[in-house]
Ligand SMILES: Cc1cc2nc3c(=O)[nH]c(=O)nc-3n(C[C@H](O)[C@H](O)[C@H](O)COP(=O)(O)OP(=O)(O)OC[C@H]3O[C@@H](n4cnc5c(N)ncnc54)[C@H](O)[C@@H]3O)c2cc1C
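Below you will find one chain, with nothing else, as structure tokens; this is the form predicted on its own, and questions on how it binds or moves follow later.
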Amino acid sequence: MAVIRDMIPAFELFQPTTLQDALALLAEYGDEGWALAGGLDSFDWFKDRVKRPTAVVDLAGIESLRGVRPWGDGIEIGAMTTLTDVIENEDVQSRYGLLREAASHVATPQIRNAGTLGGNLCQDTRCWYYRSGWPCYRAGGNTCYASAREAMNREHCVMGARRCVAVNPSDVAPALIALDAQMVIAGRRGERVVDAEDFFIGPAIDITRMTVLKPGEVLTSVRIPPDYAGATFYFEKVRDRQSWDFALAAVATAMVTSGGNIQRARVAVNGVAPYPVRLENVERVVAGRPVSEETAEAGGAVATDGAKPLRHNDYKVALLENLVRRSLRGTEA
């Protein structure tokens, strides 16, 4: 088990000013390299000495990774854009209020001033067994301590588990999935683009990673198409404390309505699985129906199909159903 210390182990620090230089450094150091965004997740790992990279590549000096800019009829946001800059951007506020609302629920104002959009998306799980250095499946061991009957698992999965029951901690992730965003990834072999819902992976695919990012790759930007710009949005995050805390469960919903009926909707939740979950069964149930209490009830009733709670987190099932119901009642974020 790790011992929390005050001193961070020594490493080589590189501060490139171009993406190409950063990718070259990450390729050179391979598994011994570490890409640093805002540092809020990384420094925890370093201080606790659970992660000991040989080289840290600080992305803060790469201007091309910052800012909000037009992308066709939508927008593109650099991965190193701070959460505060995302919240205060006029296009985000006027057209993509769902992202603004989600970003404003991240931690505290001080953390949002330093934390980046990409960092929030790529942060590792907060499972205390894993982060404290226990040899669990995710850390390369042969058990999941959080799934044991006597374990402390109040904050863990109720769906999507496969050996590991840790949850994804990102607040902005479900909002971007609901907005049908795309993630732009750069590596030494070029650029690739993946849908937001495919950017995150569960332990059934790779138990050591939470995203599709491979060693040496960097998330460079997020593209949001105009499809749900100005739609009816809803975001809600339930947590133990009003600030700083991670979600026990969160929901993000984008609905396009006409004549009081739901033409199409995208519903995503987080804090309940190892990855943000798009609830396509809910979307199918509510499509074409009026915005009403009856429709909300129908959507909430199928929101937790297949859920398998642990000993101490069965409350998340009812919580998630209620969050989805509230999101479908047509209240705009």
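Just so it is clear, the model here is predicted, and its values are computed rather than measured. Numbers follow the displayed sequence, beginning with 1.
The same protein also has a form predicted together with the named molecule, omitted here; what follows describes it.
Here the chain stands alone, but in the predicted complex its contact with the named molecule, taken as any heavy atom within 4.5 Å, falls in 27-35 among 66-74, 27-35, 295-303, 279-287. Among residues of the shown chain, Lys237 is one whose heavy atoms approach the named molecule to within 4.5 Å in the predicted complex.
The named molecule is not drawn, but in the predicted complex it has no heavy atom within 4.5 Å of Trp128.
Although the partner is absent here, Gly202 is not a contact residue: none of its heavy atoms lies within 4.5 angstroms of the named molecule in the predicted complex. Within 4.5 Å of any heavy atom of the named molecule in the predicted complex lies no heavy atom of Val251.
Highlighted residues Leu40, Ala79 and Gly115: every one comes within 4.5 Å of the named molecule in the predicted complex, counting any heavy atom. The partner is absent here, but in the predicted complex a heavy atom of Phe246, alone among Tyr228, Tyr145, Phe233, Phe246, sits within 4.5 Å of the named molecule. Only one of the listed residues (Ala196, Val106, Ala161, Cys136) places a non-hydrogen atom within 4.5 angstroms of the named molecule in the predicted complex, and that residue is Val106. Residues are counted as partner-facing when one of their heavy atoms sits within 4.5 Å of the named molecule in the predicted complex; in 200-218 these are Leu213, Glu217, Val218, in sequence order.
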